[in-house]
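This document opens with one chain alone, in structure tokens, the form predicted on its own.
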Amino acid sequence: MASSTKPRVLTGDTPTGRLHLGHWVGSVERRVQMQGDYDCYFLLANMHAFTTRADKPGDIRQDTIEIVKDWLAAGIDPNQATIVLQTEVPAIAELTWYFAMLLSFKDVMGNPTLIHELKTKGLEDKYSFGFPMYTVGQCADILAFRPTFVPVGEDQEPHIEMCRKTARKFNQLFCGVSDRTPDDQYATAGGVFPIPKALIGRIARLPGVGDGAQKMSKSLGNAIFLSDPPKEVQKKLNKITTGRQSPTEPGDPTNILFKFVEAFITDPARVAELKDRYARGDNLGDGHVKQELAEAVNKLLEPMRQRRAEFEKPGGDDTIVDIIRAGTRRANLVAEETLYMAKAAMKIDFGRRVLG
């Protein structure tokens, strides 16, 4: 297979609905920036969606298509980056099984992100066996492509650390790599898998609109979506609460409102001016800040809305499916190569399959 000399990147999203501003600042923005200089693979983790929505396969399929629309609207170019459908990459499922033998039950159930998800999704006493298994599957999602970097939001960092642990253990057990090997030398020391590094977005955790107690999330109803129209953006930003009563009352320029200001108003001098006036109570009300913030957010989103509209026309979904299929064919070349390398290291390389 043809190999790229560019460092490889793997990241993705589980199709649970449209993407929002938290996804943008946490990972998608960086994907757009990196796609020209890196060998990028962006994964649609539709298999993982079945861990909580197995009774809604139609919704999962449509959400998968909608996420690709959001990606393309955000600026991801399928001619530069490879868009991958998880369920059409059989190497991922096979590697998941092998990796499950390398991780203990404690490793999986002690994952902080998993614990948080079980609690926030109300699954603590009724989750399926497959739900914790997805944390192992994420290791396979990543390592199947042997990436150097994984751009993710802050909440996904524990998953990347589990992936790094899995890669180290596989390389040590099956490839004879010493446990004293520095992480950046595992591949050159004979390991199948490089030890990937997490790249956290410029805003590690964007709060949801409201009081900012929770991160932005569709399930919590506090998200501003990349496809929201201008009036909806303003309406949602108006929900931000700071407890401040008057434009002449000195305010806290580190509150939730200014976390949005710092994330989306791009002129540093203007941000500094707003923070200074707000802190001094210099006749600057929350409403004014929200209006200026909405203008900045809508300036960011308007080109995305226009690009997305092209895929809302008749035949748009078919075009998206064609893009998914083309990218997945390319991705399988890499994933099957990885699987064969892993099976060779495990002494189970009795045949090499060819995908149609």
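Note that residue numbering begins at 1 and tracks the sequence as displayed. Worth saying up front: this structure is predicted, and the values here are computed from it rather than measured.
Just so it is clear, the following notes concern the form predicted together with a small molecule, a form of the same protein that is not shown.
Query raised in the report: Which of these residues, V233, V152, V177, L72, gets a heavy atom within 4.5 Å of the small molecule in the model of the complex?
Result: That would be V152.
Query raised in the report: Which one of I65, L293, M34, A45 is close to the small molecule in the model of the complex, taking close to mean a heavy atom within 4.5 Å?
Result: Among I65, L293, M34, A45, a heavy atom within 4.5 Å of the small molecule in the model of the complex occurs only for A45.
Report task. Sort through 244 to 252, 198 to 206, 77 to 85, 152 to 160 and report the only stretch with a non-hydrogen atom within 4.5 Å of the small molecule in the model of the complex. Result -> Every other range fails; the passing one is 152 to 160.
Query raised in the report: Do D13 and the small molecule share at least one heavy atom pair within 4.5 Å in the model of the complex?
Result: Because a heavy atom of D13 falls inside 4.5 Å of the small molecule in the model of the complex, the answer is yes.
Query raised in the report: Can any non-hydrogen atom of T166 be found within 4.5 angstroms of the small molecule in the model of the complex?
Result: Residue-level check for T166: no, no contact with the small molecule.
Query raised in the report: Even though the small molecule is not shown here, does L95 get within 4.5 Å of it in the model of the complex, heavy atoms only?
Result: No, no contact at 4.5 Å.
Query - is_contact(Y134, the small molecule) in the model of the complex, heavy atom dist at most 4.5 Å - result: Yes.
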